[in-house]
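Taking the form predicted on its own, here's one chain by itself in structure tokens.
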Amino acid sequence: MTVAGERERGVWRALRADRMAMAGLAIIAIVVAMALAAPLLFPLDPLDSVGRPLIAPFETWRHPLGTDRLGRDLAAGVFHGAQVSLAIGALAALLAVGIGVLAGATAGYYRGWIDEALMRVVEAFQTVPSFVLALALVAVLGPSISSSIIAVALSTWTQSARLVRAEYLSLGQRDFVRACRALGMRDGAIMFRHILPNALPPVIALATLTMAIAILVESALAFLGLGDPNRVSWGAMIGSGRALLRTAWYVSAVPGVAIALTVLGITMFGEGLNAALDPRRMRRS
């Protein structure tokens, strides 16, 4: 078996031994299954009225989680909302990590004035709270799925950039990098073919946490009415029920529980993945 294959088996063994990580993975699997099953279980538009308003949960089997004040099925909203939350969370995290890897790798590899310039840009982004920045970007770009992805990514990429920069500053002094330079390899090949694979483990773990943050930010934007008006969203569902907390608390509670469980599952799995990818553990094993 190759070294890479043995390393993957070691990571998987560490994850399986971590009950919290496996519980998080189970929650993620359930949410993904909900998103995939949404068109089959609820083929109608979840924004359409399908019954009388404010049916309580478990009052009727046709609407097991009840309906909101417009008669929309809450179960359909939760299942279809999983598609939006997972899509925005995954794509925003991927874009944020991609920007962070590019900026951090460039800064950590070249150092000098390039490092200083890029780190000033990172600090400029970090002076503005991430949610405020996302709010401003969506307000400028207009409420839509794509604008939410861009806004969330641009408000969360700095953590990846700092982490990758630190990894490149450390790995750039290793013997294998000096050997690559001595062989006349181009900078791009050294940065992304040789250094990046060694810097990826903590970045992968951070990407899962970035996805959890992205889901929270998107839900907050939708709660404020800045989500895509043509797509159902957990945050928008909470916002539509905030005036009914005393009389129909479940309208906000049902999507709120969905958000909490999804973020909890991703966070637990991310922490377990971070521990499994710890180079000190891998050296011990």
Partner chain sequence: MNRVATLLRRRLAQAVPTLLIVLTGNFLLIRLAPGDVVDTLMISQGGGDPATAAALRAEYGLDQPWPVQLALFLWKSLRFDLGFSYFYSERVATLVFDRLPITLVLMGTAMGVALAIGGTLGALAAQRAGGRRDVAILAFGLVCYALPSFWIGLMLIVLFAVKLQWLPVGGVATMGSGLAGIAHGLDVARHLVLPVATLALFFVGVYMRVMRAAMIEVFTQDFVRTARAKGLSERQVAFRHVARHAMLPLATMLGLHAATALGGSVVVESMFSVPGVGRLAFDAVMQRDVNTLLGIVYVSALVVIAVNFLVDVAYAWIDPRIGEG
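Every value quoted in this text rests on a predicted model; they were computed, and no experiment measured them. Positions refer to the first chain, counted from 1.
The discussion below concerns the form predicted together with its partner chain, not included here.
Although the partner is absent from this view, residue 233 stays clear of its partner chain in the model of the complex, with no non-hydrogen atom inside 4.5 angstroms. Using a 4.5 angstroms limit between non-hydrogen atoms, residue 20 touches its partner chain in the model of the complex. Although the partner is absent here, residue 220 is a contact residue: one of its heavy atoms lies within 4.5 angstroms of its partner chain in the model of the complex. Taking the partner from elsewhere, residue 46 is found to have every heavy atom lying beyond 4.5 Å of its partner chain in the model of the complex. Heavy atoms within 4.5 Å of its partner chain in the model of the complex are found in exactly one of 93 to 101, 137 to 145, 175 to 183, 80 to 88, that being 137 to 145.
Checked against its partner chain in the model of the complex, the candidates 36, 56, 30, 260 yield a single residue with a heavy atom inside 4.5 Å, and that residue is 260. Residues of 115 to 145 that come within 4.5 Å of its partner chain in the model of the complex, judged by any heavy atom, are 120, 121, 123, 124, 126, 127, 128, 129, 131, 132, 135, 136, 137, 139, 140, 142, 143 in sequence order.
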